[in-house]
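Coming up is one lone chain in structure tokens, specifically the form predicted alone.
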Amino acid sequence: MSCANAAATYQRDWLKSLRGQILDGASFAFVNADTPHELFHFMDVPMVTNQWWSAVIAAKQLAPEYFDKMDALGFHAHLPRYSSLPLIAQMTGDFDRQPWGGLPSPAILCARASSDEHPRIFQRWAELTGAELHLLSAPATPDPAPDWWIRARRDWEDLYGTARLDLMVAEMQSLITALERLTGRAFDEAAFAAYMARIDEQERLLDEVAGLIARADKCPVGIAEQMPNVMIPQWHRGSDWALSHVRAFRDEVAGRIDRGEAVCDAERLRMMWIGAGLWFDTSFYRAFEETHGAVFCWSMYLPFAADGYIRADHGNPLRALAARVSAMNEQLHQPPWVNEWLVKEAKRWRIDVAVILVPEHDRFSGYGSYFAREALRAAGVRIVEIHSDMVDPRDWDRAAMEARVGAALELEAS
């Protein structure tokens, strides 16, 4: 896709700029993926995301060595690889081998306590670097709604609970105070409301794209090309470039459908990939098109852009942001949030086979997969479980995994 190339070019140029700012001594934030990135973007604080940096290290083929080091240091076996890889690289200190020559010390750290490990991982970052640490709470929703994606767009105050949102807003206001102190700028709530409205506009456009692909007779764009066209503008959500790019992405997808173009002309089966990306081997997603007429058409990134982000009728924009952040990880990984959402999506996208990545070293992501598996099976979807990791290739056997998925596809086609 021309859009995918444009997104990659933009991200490459942005990364060069970000790297230059950081290496020139600019104050930057190091944050977890499920934190309120909007505050950092709005306050013009350069930001490196923990899980994104993990994927960069993995792409440089450095992960196995660092995970061996982690084992030798005595860290417990269930420390989540995706979230801990950057910490181990920082502790190892061989910065001349790392991307960008390693990360300098951030000015501020931010994580949400969405798993047992995340607060401690970021506390160690603070101890190593002396950076100011902000930990956001993750209080449970007492009565989680299985159909959360319907209520989350407008009825989000009742869905997530007033007391819960009060706590999130108070903690975000503390973070805003720190960002004001760091930048010397005052937080403009009216301008922030306009920024949040632009993000909703962007997510509604991505919702259109998801609907186009889901309804198409044959999949016009697989997940390997969906991901950069969704994730890169999501990293820059609400910006002029992101809105422009998502409009172009929608138009290019619509054009492909109008012209009858498809990822695989001989498409017979549709697949969904459940879990974070397989960042060290993304070519796996195209391995079954020629051999089985099977296309990976679904991953969480595109449909979650709408269901996980749109918060209409903001009123107080900070409360709307709190509603976006307060259950993001839970909705993607934990029952009853994730299993019902996946069944809804499987039916909408006409999925035949679901491949579930079960990261055995990540309890938060891994344990919820059991409920997703059973719910999808009950809905008539054939399941293949892959016990591997997003960034740790040490146990990955490409040939064996292709054989397992291929066998399931042959059973489904028979």
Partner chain sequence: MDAVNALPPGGADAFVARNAGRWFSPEDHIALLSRLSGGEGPKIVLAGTACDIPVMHAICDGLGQIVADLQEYGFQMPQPGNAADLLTEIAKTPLAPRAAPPGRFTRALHDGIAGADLVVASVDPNDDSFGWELPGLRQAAEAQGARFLDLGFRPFRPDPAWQDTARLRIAEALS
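Worth saying up front: this structure is predicted, and the values here are computed from it rather than measured. Residue numbers count along the first chain shown, from 1.
Here the subject shifts to the form predicted in complex with its partner chain, a form of this protein not shown in this document.
Undergrad: Is there any non-hydrogen atom of Glu157 lying within 4.5 Å of its partner chain in the predicted complex?
TA: Judged by the heavy-atom cut-off of 4.5 Å, Glu157 is well away from its partner chain in the predicted complex.
Undergrad: Quick one: is Ala197 in contact with its partner chain in the predicted complex, heavy atoms, 4.5 Å cut-off?
TA: Result no; Ala197 lies far from its partner chain in the predicted complex.
Undergrad: Does at least one non-hydrogen atom of Ala354 fall within 4.5 angstroms of its partner chain in the predicted complex?
TA: Contact with its partner chain, no.
Undergrad: Using the partner position in the predicted complex, report whether Met70 sits within 4.5 Å of its partner chain, counting heavy atoms only.
TA: Taking the distances in the predicted complex, the answer for Met70 is yes, it comes within 4.5 Å of its partner chain.
Undergrad: In the predicted complex, which of the listed residues (Leu167, Ile121, Cys264, Leu175) lies with a heavy atom within 4.5 Å of its partner chain?
TA: The option sitting close enough to the partner is Ile121.
Undergrad: Exactly one residue in Arg151, Arg185, Arg268, His78 has a non-hydrogen atom within 4.5 Å of its partner chain in the predicted complex; which is it?
TA: Partner contact (heavy atom, 4.5 Å) among the options: His78.
Undergrad: Given the stretches 320-328, 110-118, 301-309, 271-279, which is the single one in contact with its partner chain in the predicted complex, using a heavy atom cutoff of 4.5 Å?
TA: Heavy atoms within 4.5 Å of its partner chain in the predicted complex occur in 110-118.
Undergrad: Using a 4.5 Å cut-off on heavy atoms, which residues of 127-157 contact its partner chain in the predicted complex?
TA: In sequence order, Glu127, Leu135 come within 4.5 Å of the partner.
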